[in-house]
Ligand code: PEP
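We begin with a single chain expressed as structure tokens, specifically the form predicted on its own.
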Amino acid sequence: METNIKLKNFSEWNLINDSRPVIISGPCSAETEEQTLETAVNLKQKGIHIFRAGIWKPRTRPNSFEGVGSVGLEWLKLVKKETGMLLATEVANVKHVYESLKAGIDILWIGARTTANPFAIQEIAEALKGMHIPVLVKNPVNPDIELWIGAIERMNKAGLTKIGAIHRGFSTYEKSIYRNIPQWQIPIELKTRIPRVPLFCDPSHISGNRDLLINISQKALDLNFDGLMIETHPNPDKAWSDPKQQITPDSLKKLINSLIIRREIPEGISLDTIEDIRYKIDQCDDELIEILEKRMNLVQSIGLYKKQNKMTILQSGRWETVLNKSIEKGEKKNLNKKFISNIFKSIHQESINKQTKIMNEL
């Protein structure tokens, strides 16, 4: 379901360079004037036009480095004076907003922790009312798309129309190679519901590891993201915050050069072949719907039988047999185990829902 959010097309943002992908880069944190300016000059030489740096850093633990604070804005002003780059920084409250606007920051972004707080988002939105500054909203820490959309809606209701979204992954207790697991289906759903929202990917925070940056960046571009926000530092291993996920400006240039840029519809390409395949996929989808309808009708019959004979809805042994047999058959047909498991778990849950309704009908 699409929302009523009204946004400007990304091409109307009038950035210095809006060719895809737009690269926003700079250190996780502005540490010193020298480090900030050195990073910016190196990035400018590599063709980067938008410089990012954290001034206020919301950290999990109070004894961690939480940013240099407002003095860092003076360093960013020097960056703009020396390089002409656009400036981007994170704001988490109204004070940050006012100080950033006063310092001439060009792009603001909202961090994951702030996105998860509707009260903070509302206050920031009201502080930006009537402004035309671009605002990028990171996904909330947890995989809650409604919170993400809600933050964008609040900004839009305050009159902002240059609003983008940053996918930075989601926290999880599961062991993973990622710092924040991507769950790509969530930004895809966001784009489906807000078609005009520009999508950026933050591979630095998804990975937490510079060795994974290239794969995550390529995945984002293959999913038609508009840009990347990648953290860079002159000496990443000595960085005061998040050293493992930062790379040097030279490494950033190599990463960008290695990316394959694909287009949604490349010029001169006939769509006849792909449309024929899509037609066949549509036929398969129709068959799937009919099969699911047939299966759920059988589920209702089983529900009635269980009710009449005072049987429990959940039959654990039967369910385990069905799931294992389906996974085994799927793997023989080169279908991913997790994919098959997720499908049948969803079907099983809907079967339970239908039988529960039957059990409770008078």
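This one's a predicted model, so the numbers in the text were calculated from it and none came from an experiment. Numbering starts at 1 and runs along the sequence shown.
The discussion below concerns the form predicted together with the ligand, not included here.
For the candidate set 95, 80, 262, 113, a heavy atom within 4.5 Å of the ligand in the model of the complex is found for exactly one residue, namely 113.
A heavy atom within 4.5 Å of the ligand in the model of the complex is found for one listed residue only; from 205, 210, 162, 253, this is 205. At the 4.5 Å threshold, heavy atoms of residue 200 stay clear of the ligand in the model of the complex, well away from it. The closest non-hydrogen atom of residue 28 lies within 4.5 Å of the ligand in the model of the complex. Interface residue remark: residue 106 is not counted as part of the site for the ligand in the model of the complex, having no heavy atom within 4.5 Å. Contact annotation for residue 49: none of its heavy atoms lies within 4.5 Å of the ligand in the model of the complex. Shown alone, this chain has one stretch from 308 to 316, 64 to 72, 331 to 339, 50 to 58 that lies within 4.5 Å of the ligand in the model of the complex by heavy atoms: 50 to 58. Residues are counted as partner-facing when one of their heavy atoms sits within 4.5 Å of the ligand in the model of the complex; in 62 to 92 only 90 qualifies.
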